[in-house]
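Each of two forms of one protein chain follows alone as structure tokens, named structure 1 and structure 2.
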Structure 1
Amino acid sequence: MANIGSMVLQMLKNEISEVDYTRYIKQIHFNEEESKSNSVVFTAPNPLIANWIRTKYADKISHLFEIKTGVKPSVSINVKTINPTSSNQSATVLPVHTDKIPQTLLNPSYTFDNFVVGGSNNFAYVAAKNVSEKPGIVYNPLFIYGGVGLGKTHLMQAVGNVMLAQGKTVIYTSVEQFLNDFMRHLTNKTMDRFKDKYRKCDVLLIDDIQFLSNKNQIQEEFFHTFDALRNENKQIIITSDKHPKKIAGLEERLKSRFEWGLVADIQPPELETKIEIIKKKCEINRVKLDKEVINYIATIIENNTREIEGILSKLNAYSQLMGVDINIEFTRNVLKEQMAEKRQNITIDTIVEIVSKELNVKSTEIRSKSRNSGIVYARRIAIYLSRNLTPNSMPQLAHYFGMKDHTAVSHTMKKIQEIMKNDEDFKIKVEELSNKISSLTSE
């Protein structure tokens, strides 16, 4: 059977990009001992690669096995790691399951323990934790809203995983999946089965409710599903990218019901929270990064913390392929194209405007000759960022900021670099401003 595993990976190689094969597929190995005709097992060197393959190619691998054997197996990607307590350095294997729990699509890694709490998400976290302890009693429904990649789905599924562990029937679905399910049952004239599925569960988790907008028929069905569940004290948790009142094309009676329980928002994470999220992701995925690299990544990611997984995966893949450790120089080099894309169309005016808002000074003051310490501080940062983020020469910057000549700009650059070298907090603040400017101008 080992040859079948190798053949399947070779077949997969012919259907995917060379980069994906080299970075990920090439690093997994078929486990003949644990594999059966209806369930095949591969081992990966770390969770990042395991999770990436599981998400992107597990179904494809299963299909290729079916082509070769006539049986479509489940696919598990296990993580092989070294047990440091073992005298002979024997390997232990941690399972990364791909089998879906019946009636759910919950991610078992979404738990309260690995959710990083900060000022931006504390309210939503506490609300979700309370719901997990008293489902159907407090905050029903719980409506969580915020931007992409801020942790709404994580919190929602954390509640679901708690309920699942207690033997409750949990359904997690997106509006799109709910709609597709509805249309399929409607076409097949099996609506009784649809209603039984969604109205007899203990917990209903529904993602991206904003996509109900202007879909009258499905809104009607969801309205009745909502009422049926709440009348039976079954817990409902909903996520959206905006407050219920601001969802256009949504019936007023639904908006009203969404506010019956508790509406909690999640704001973009502050720098400290982003740093803690990166540390947690490194711990989960067993990736070792030093403080300087962690701080740098925290400053370049935008509000979407999902970027972290992609960055860690990219750094880890490049590190293994090139056989080098991940340090700050390596990180900057690997991510330089990503940063370059963000820095298109940046002007000095934009930099001054953003710096003035962030540091609470007027943009006209930054360009003035004022010696006020706060204004000098902001002016130096604006000059430093303008030199690094725009193609303007030092004489051009001197003219813009009303300075004597380019030597004054050079002096400012050296001063900022000296402060950044000796003050880690200041360095992080400047880099965070740099990324914020890059992000805003690339939208």
Structure 2
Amino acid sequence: MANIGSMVLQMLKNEISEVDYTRYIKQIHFNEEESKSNSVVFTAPNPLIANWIRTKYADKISHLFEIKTGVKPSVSINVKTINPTSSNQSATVLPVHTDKIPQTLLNPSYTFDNFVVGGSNNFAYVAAKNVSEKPGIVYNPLFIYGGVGLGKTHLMQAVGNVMLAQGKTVIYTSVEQFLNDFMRHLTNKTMDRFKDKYRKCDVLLIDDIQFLSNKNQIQEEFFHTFDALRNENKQIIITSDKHPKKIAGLEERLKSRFEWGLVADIQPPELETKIEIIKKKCEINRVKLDKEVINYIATIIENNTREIEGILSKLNAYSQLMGVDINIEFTRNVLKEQMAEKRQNITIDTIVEIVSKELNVKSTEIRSKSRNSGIVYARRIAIYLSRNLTPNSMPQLAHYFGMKDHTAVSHTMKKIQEIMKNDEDFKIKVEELSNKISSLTSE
């Protein structure tokens, strides 16, 4: 078991938000002496961290052990006792019931029901749903691509979970795992078993295929696996961060095969979809948030949906620590540092550039005297944001935007505040822009 615990935690790091990793996972240690292949033990510094990991990550940790070792262990998180001699009586040892499902590498919460469908992911969702209804027939392979945290793994595993429930053999693997498995069987001279495993399954899910890039030997092996499965009408689902054509260092014959079935992209979620995803995650993680808080979080997060769980865990941990409910003030406070850091270095130019891009007008138009309603709308928002996000005075803003004097700026500020009060959608849109500007300039 030599240090497999830290390897697993390292793998988990790639799966979760940085906040969650630093706040929780980094704080726990693998207890090698007490761990066995079917029951692993970690030590946490306090009950808060232990609890959070138990409810949120025990399943995932167990799942990652299974990927590494082939055995799905129960996971215990002990709380470190202050007296080192009494470590055997460490508090709250709660094994998690993870041994019921045999040999599954799928996250059980990645289901179609838990997937929020919106314009950005509808195409990929429908494709995956069709595949789950007619595996090996409709689209083979199904190739899903898109940016980090947009739900590719979730969708692919949703198909896997459907298949699994029907008693089919599902293999979920990363390129790294496929490669390791291959090397191990090669060294042990058990390639027959390797071939059996990957060519006899009903469904092969291979995640983040872009990592095949420039790995020639494994590309060769994957090529044969692919053909063997496809000839037997076994379903293959592949994800990637880019379109097959754009993966550098990938053999042409693989690229073309990846396009044989259906290539579906996932785009960054729209605001409404983000809101629905947050609601869904609250439901799953049993976190209670009101509408205002949810809308606020939706405007803060960038496109990577993984941030949501990080934010929820942060809010939850703070509210538990302080024994208060999560309301909007509390949320703003907790997430304040995150926002404050982003506020530096913002210029009016940046604001105008982003507003014009987002609202589809030219930046020169924003600074012009045009009375076109779309342009006036964008100009007002740009002024409002410049006043709030930069240290410029009203006369400076009037000068920049070619307005008569500071009263015109002040009038615009009042106008925007009034609309925001009466129009929730507008308010969210402005907040979203504001947060986008803040986050872009922090990089």
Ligand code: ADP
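Model, not experiment: these values are computed from the prediction. Residue indices: 1-based, along structure 1. Whichever C-alpha set is largest while still superposing within 1.5 Å between the two forms counts as the rigid core.
K.L.:
Choose between structure 1 and structure 2: indicate the form predicted in complex with adenosine-5'-diphosphate.
P.N.:
Looking at both copies of the chain, structure 2 is the one that matches the description.
K.L.:
With both forms fit on the core, is the shift of the CA atom of Leu433 between structures 1 and 2 2 Å or larger?
P.N.:
Not so; Leu433 is displaced by less than 2 Å.
K.L.:
For Lys129, does the CA position differ by 2 Å or more between structures 1 and 2 when the superposition is done on the rigid core?
P.N.:
Where the cores coincide, Lys129 shows only a C-alpha shift between structures 1 and 2 that is less than 2 Å.
K.L.:
On a core-based superposition, does Lys245 travel 2 Å or more at its Cα between structures 1 and 2?
P.N.:
Moves: no, less than 2 Å.
K.L.:
In Å, how large is the CA movement of Lys36 between structures 1 and 2 relative to the superposed rigid core?
P.N.:
Displacement of the alpha carbon, after core fit: 13.3 Å.
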